[in-house]
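Just the one chain here, the form predicted on its own, laid out as structure tokens.
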């Protein structure tokens, strides 16, 4: 007697991913601490020089940040603070709590990432479906070349090209900055283009693979139209691989925001991270690294939950093998 998808069938794959995410966060804590301490230079001295060399300000900042404590003590204080929701004080921003800076910058980055994926997923799937449906035609060739170009262009090149085009061709005085939601259109476009190329290629490849299966040939033999075969049979089976790719793309888009936010002068986490590294701001750099790892882990878990929901084989490994 066949059993339904019980709790163990659902939570087995998802539980493994949650465990992996927790392990990744633990390693990220150590990585963030070690990497930030390897950045050469004295962050307090660098900041004080920019403030006119006030020795009293330097003394108070050193005391508050604990940069003169032994490394092992700094690590224990760092972990203790994380467990209590305290990310420390920013050295670059004169002792401002890191949580305050993260809270101001995170919404910008989240809007960029969610919007870019919201554009890339449907456009990439549509391009892959059309390419597979028109396999061997000039449509297929055009979309294939386009997807390769989309994957080949680095974000910094795309961002610079879009900005120059907006200013020179369309006469836009500024792109990004404080222009409101409309100013996010160009950065979102830059972030969405590479994922569109990858999603389109994966969708096309998976659909063409499914179209060669026996059950698809059976559906054709019964007189089902080719477009109906593609939409009803090929696309749903191809979506598992597509969603798996989307899970990986979340991290790629997130890291690309550092370049895009800097080029377009957007006050997000990516630009904040670059400023923190340049200023040797240990607490802020480590916090942004943890936020990035945490968001990627969360995104991967959500995608895995979606895959488990749409693919019975992920709940019952024996199915289809």
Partner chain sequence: MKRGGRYRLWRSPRGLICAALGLGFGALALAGFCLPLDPSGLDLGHAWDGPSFGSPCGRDGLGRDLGARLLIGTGTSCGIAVMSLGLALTLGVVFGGAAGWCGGWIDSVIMRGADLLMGIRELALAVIIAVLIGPSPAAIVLILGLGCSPSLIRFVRSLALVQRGQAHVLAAVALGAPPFHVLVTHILPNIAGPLAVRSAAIIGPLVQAEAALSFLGIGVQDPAASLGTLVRDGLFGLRSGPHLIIATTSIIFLIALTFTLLADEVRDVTDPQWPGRSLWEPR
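By rigid core we mean the largest C-alpha set that fits within 1.5 Å across both forms. Residue numbers count along the first chain shown, from 1. Because the structure is predicted, anything quoted here is derived from the model rather than measured.
The same protein has a further form, the form predicted together with its partner chain, not shown here; the description that follows concerns it.
**Q** Counting any heavy atom within 4.5 Å as contact, can you tell me which stretch out of 92-100, 70-78, 228-236, 245-253 lines its partner chain in the predicted bound form?
**A** Correct option: 245-253.
**Q** Given that the partner is absent here, does residue 148 sit within 4.5 Å of its partner chain in the predicted bound form, heavy atoms only?
**A** Output for residue 148 is yes: heavy atoms within 4.5 Å of its partner chain.
**Q** Would you check, heavy atoms only and a 4.5 Å threshold, whether residue 115 touches its partner chain in the predicted bound form?
**A** Outside the cut-off, so no.
**Q** Would residue 163 count as a contact of its partner chain in the predicted bound form, using a 4.5 angstroms cut-off between non-hydrogen atoms?
**A** Flag for residue 163 set to yes.
**Q** Using 4.5 Å between non-hydrogen atoms, is residue 136 touching its partner chain in the predicted bound form?
**A** Yes - in the predicted bound form, heavy atoms of residue 136 and its partner chain come within 4.5 Å of each other.
**Q** Can you pick out, from 153, 121, 130, 185, the residue that has a heavy atom within 4.5 Å of its partner chain in the predicted bound form?
**A** So the residue touching its partner chain in the predicted bound form, by this definition, is 153.
**Q** Look at residue 295 and decide if its Cα position differs by 2 Å or more between this form and the one not shown after superposing on the rigid core.
**A** Not so; residue 295 is displaced by less than 2 Å.
**Q** With a threshold of 2 Å on the C-alpha, tell me if residue 252 counts as moved between this form and the one not shown once the core is superposed.
**A** Not so; residue 252 is displaced by less than 2 Å.
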